[in-house]
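First comes one chain, alone, set out as structure tokens in the form predicted alone.
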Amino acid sequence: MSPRAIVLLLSVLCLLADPGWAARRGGTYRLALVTDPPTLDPAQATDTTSSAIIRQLFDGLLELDERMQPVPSLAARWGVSQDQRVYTFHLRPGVRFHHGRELTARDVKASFERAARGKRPWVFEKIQGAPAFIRGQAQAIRGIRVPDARTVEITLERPFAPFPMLMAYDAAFVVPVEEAERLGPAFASRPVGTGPFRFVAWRHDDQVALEAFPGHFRGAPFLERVVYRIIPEETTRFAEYLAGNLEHVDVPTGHFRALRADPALSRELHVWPTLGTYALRFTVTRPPFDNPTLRRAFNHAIDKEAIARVILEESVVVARGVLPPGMPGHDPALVGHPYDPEQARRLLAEAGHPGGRGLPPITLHYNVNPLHRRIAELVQAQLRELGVTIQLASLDWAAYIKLVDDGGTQWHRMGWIADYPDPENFLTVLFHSRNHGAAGNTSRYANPAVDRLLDEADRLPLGPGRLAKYREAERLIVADAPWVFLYHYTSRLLQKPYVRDLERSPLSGAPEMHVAPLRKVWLDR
């Protein structure tokens, strides 16, 4: 061996021997939630706060990797029939729930049927027989078969190209149904899954604690514990991060430019696009917003560029429609409803309320958060210039999401982060008439032409023809103005330098990044 080769070999051996080169085990990961999660039950969650923790406690048949592609999880492998309707999943052997019992294919079937009658039935409605089961007209979903203890066969009513992505969504996570039945509603606060972390304790409005599950099928995670602290005030979260009490934190409103200019903290600042849209949603089944002309007037009255420039400090992209950049089917040619006060006045008069006359005070609801409050106050001021009175009302998240899901608002703030990178997850879930309420369409929007286009697109294979249908549907939706489309999210995160392997995916969520798989994270200190 030449001297040069020997030196190279010794260098490699030194790197391998260096304990700092390999991932280290141990430590507690501390992060903050803005509000107490409403539930830790995958069948009942509809929000990203709950999902943040659920994704650490449970597993699905598949998961999405950093490139947003489905890969094996509880299923070691899967295949699909030639007609694209029958999916066969082969489970890993030896997977165990946190309470010790081994997972079987029957757990998958029972979990899916339980969740199909939960808060997100749309995840399962493509399965043969699921609609009748969801309506209570059948005892089981006939499209789910269990040929043996390690095989699950799922037959769809018709081909649905993104179905593998649905199998990675947290509503499709697997639970030990006997525990869910034994605990009843208490399962939501005493969850049992197969995930890399298991539940330890929940002090409501204070913290949720998890610990490493050494029996996870991938092996124990690197972290010993994860502690979610409930800290509603963003200035308090930021102060806790600066004091070294949190491993990562969202960027406080109004601090982005200063942090970007700070010599030290700028090195801890991370910004990347997120597949999400922030909007103000009208409840279109209730006066006065059953009038599309009035909805268009409100859209033109609001300066979205000012919100992005002043409040978000030029860190987000102004929205012209529903689909964010980076989502297949995003239409850069959409114009939307640009800020135009004169057009807003004309449309207000056309809607029967010149100068706002005859229009009762409108209540805009938002969940407690300084950013939401600042946006709502700017919207209130801009509509006041047109003679429209806006009253602001804020609630904590659990009460807020219940009010929204039940249709109890006139106008409400809501964000949407993609569950999986497909336009169906935005357009069908949020605007199809069958999804009114908690299923996603909190505006109660309905347009038969949009429903037809979405149904047609949902049935097509991946490709340009499918995306063209979604784009046509989006143009009709934007014209109907069921939302005021404000901006598309970015994730803006401060992360301690010693944190390693925290994923930054367009699906990670905003403002916090806690939906990332924490099983991969380790602390280099």
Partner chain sequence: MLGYVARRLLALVPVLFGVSLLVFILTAIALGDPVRAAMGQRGDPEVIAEIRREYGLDEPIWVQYGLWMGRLLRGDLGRSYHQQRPVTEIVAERFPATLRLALAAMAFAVVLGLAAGLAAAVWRGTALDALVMAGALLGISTPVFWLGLMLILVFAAGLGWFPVSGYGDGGWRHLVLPALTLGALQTGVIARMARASLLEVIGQEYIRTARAKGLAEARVLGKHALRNALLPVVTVVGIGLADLLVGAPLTETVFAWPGLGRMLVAAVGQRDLPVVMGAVLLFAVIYVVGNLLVDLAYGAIDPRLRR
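Everything numeric here is computed off the predicted structure, so don't read it as measured data. Here the rigid core means the biggest group of C-alpha atoms that line up within 1.5 Å when the two forms are laid on top of each other. Positions refer to the first chain, counted from 1.
Just so it is clear, the following notes concern the form predicted together with the partner chain, a form of the same protein that is not shown.
Judged by heavy atoms within 4.5 Å of the partner chain in the predicted bound form, the contact stretch among the candidates 411-419, 83-91, 262-270, 348-356 is 411-419. The three residues 204, 233 and 401 all sit with a heavy atom within 4.5 Å of the partner chain in the predicted bound form.
Among heavy atoms of residue 495, none comes within 4.5 Å of the partner chain in the predicted bound form. The shortest heavy atom separation between residue 135 and the partner chain in the predicted bound form is within 4.5 Å. Residue contact check for residue 124: none of its heavy atoms lie within 4.5 Å of the partner chain in the predicted bound form. For the chain shown alone, residue 215 is not a contact residue for the partner chain in the predicted bound form, no non-hydrogen atom being within 4.5 angstroms. This chain is drawn without the partner chain; in the predicted bound form, the residue among 456, 480, 36, 63 with a heavy atom within 4.5 Å of it is 36. Among the residues 279, 438, 220, 446, the one placing a heavy atom within 4.5 Å of the partner chain in the predicted bound form is 438. Annotation: Cα of residue 416 displaced by at least 2 Å between this form and the one not shown, core superposition. A movement of the C-alpha atom of residue 128 falling short of 2 angstroms is seen between this form and the one not shown when the two forms are aligned on their rigid core.
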